[in-house]
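One chain comes next, on its own, written out as structure tokens in the form predicted alone.
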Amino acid sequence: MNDLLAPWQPTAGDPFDLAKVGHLVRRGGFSASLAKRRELQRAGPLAAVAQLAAPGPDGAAMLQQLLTFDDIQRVRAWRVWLVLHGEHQLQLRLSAFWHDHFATSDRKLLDPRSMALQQATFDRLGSGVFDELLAAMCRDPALLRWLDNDVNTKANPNENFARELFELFTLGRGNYSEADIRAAARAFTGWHVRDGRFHFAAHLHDAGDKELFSARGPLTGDDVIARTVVRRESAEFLAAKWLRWFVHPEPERAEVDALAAAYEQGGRDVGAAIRQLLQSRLFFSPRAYRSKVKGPAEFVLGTVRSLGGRAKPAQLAATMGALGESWLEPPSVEGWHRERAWLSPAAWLLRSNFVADLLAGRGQQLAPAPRTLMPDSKKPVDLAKAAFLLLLDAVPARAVLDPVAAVAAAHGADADAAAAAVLHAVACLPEYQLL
């Protein structure tokens, strides 16, 4: 096994402390309450990853209700509700990854039912073998319409779907030719949508010979999928994206090679590869720790989960949209631009205002109230320590702690205001903007 992906082992000098647990739950999910983090700390790193990776419940009943209402706001709130309340965090984290990867927007489709069904596909197949997920997505009504394959016919081949299949979903630029795109486009002719479902229109399909990756024959869309997923370039492309999502925004060549090899050796099982990554020396290395910028979902939903609280999903979804990440409406086929693109003076102010409103009960009502999150903290310095543990996993040096304690002291005997103020102060620190 490559040393980078060898299991990380706690030592006396490098223990599985709250900082390590916080790193795991932020990257392998959307954070967790302090009580949950302490529970995972006691369990140890391998058991903690196993808990994050536990499969989620069957959401068929809730999905059916969404399909009946046919309302994109309800679908978006459903996704937020799942993140807030679901313990199957890695599954949801991977679903968010796949939504960014197969970026599809309802702004063009105006079809909440198809968007809900696509999200359910990510939940069902996103942690399994990539071949099966890709086959499902190539039949996904939302994606086929989003990329114009519902007008791809043998008389007038449309290359948009085939191009994005190679460039954005499987291989990356430079690992295919224009001739490969033309062949794939012909292979996917007739893969259409009828009455909201995948429909193969045989009379519109080009059944003639095609040449793809130096292989020739009457290739179909399934042949394209099968010939693409086995390519080493596909493993490397996906590995690089997973490393940027879970570990570090600038993965090194050796890291990509190691994860790509593990993915291939594991039969292209996505969940197995990601679980190995989350247990690895690479994941727990100083290089990875707080190396990424929180996106709006990670900031908004992570804040509520870190506090062990509850809030209204529809309002949280609206806040995420105001901060630039409106789920089900990515800005383009490339998904969202991340890392430093999330940060600007305006975004920082919006983040600060969101936390202030959440803690004060203005629109974003948090339950339980801030003061009840720190019941044993009476003095300003104790409130500050509790706030740092809740949001940043550790009590800092006095030079950092004392200014936050002073914020609490400024509210005198108003314990509710003091608790909200220290939590707000910590949430506005630069460190809290990092994932």
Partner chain sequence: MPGCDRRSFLRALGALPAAWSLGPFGSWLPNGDERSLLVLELQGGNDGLATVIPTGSKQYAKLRPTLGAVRKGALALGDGTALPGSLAKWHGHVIEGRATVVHGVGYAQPDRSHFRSRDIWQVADPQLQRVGAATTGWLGRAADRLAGQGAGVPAAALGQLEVPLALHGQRVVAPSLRSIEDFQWSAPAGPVAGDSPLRAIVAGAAAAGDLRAFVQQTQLRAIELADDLRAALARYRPHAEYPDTPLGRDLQLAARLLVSGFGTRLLHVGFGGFDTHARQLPTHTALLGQLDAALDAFLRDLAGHQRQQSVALLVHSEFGRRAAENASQGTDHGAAAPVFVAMGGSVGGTLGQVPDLDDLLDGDVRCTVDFRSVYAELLQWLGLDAVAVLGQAVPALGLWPATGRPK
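Just so it is clear, the structure is predicted and the values come from calculations on it, not from any experiment. Residue numbers count along the first chain shown, from 1.
The same protein has a further form, the form predicted together with the partner chain, not shown here; the description that follows concerns it.
- The three residues 333, 421 and 424 all sit with a heavy atom within 4.5 Å of the partner chain in the predicted bound form.
- Per the 4.5 Å heavy atom criterion, the partner chain in the predicted bound form is contacted by stretch 342 to 350, the sole one of 74 to 82, 207 to 215, 98 to 106, 342 to 350.
- None of 48, 386, 366, 404 but one reaches within 4.5 angstroms of the partner chain in the predicted bound form through a heavy atom, and that residue is 404.
- Of the residues 135, 261, 356, 272, just one reaches the partner chain in the predicted bound form with a heavy atom at 4.5 Å or closer; this is 356.
- Not displayed here, the partner chain is kept clear of residue 266 by more than 4.5 Å at the level of heavy atoms in the predicted bound form.
- Contact check for residue 322: a heavy atom falls within 4.5 Å of the partner chain in the predicted bound form.
- Within 4.5 Å of any heavy atom of the partner chain in the predicted bound form lies no heavy atom of residue 110.
- The partner chain is not drawn, but in the predicted bound form it has a heavy atom within 4.5 Å of residue 151.
- Looking at 247 to 280, the one residue that comes within 4.5 Å of the partner chain in the predicted bound form, counting any heavy atom, is 250.
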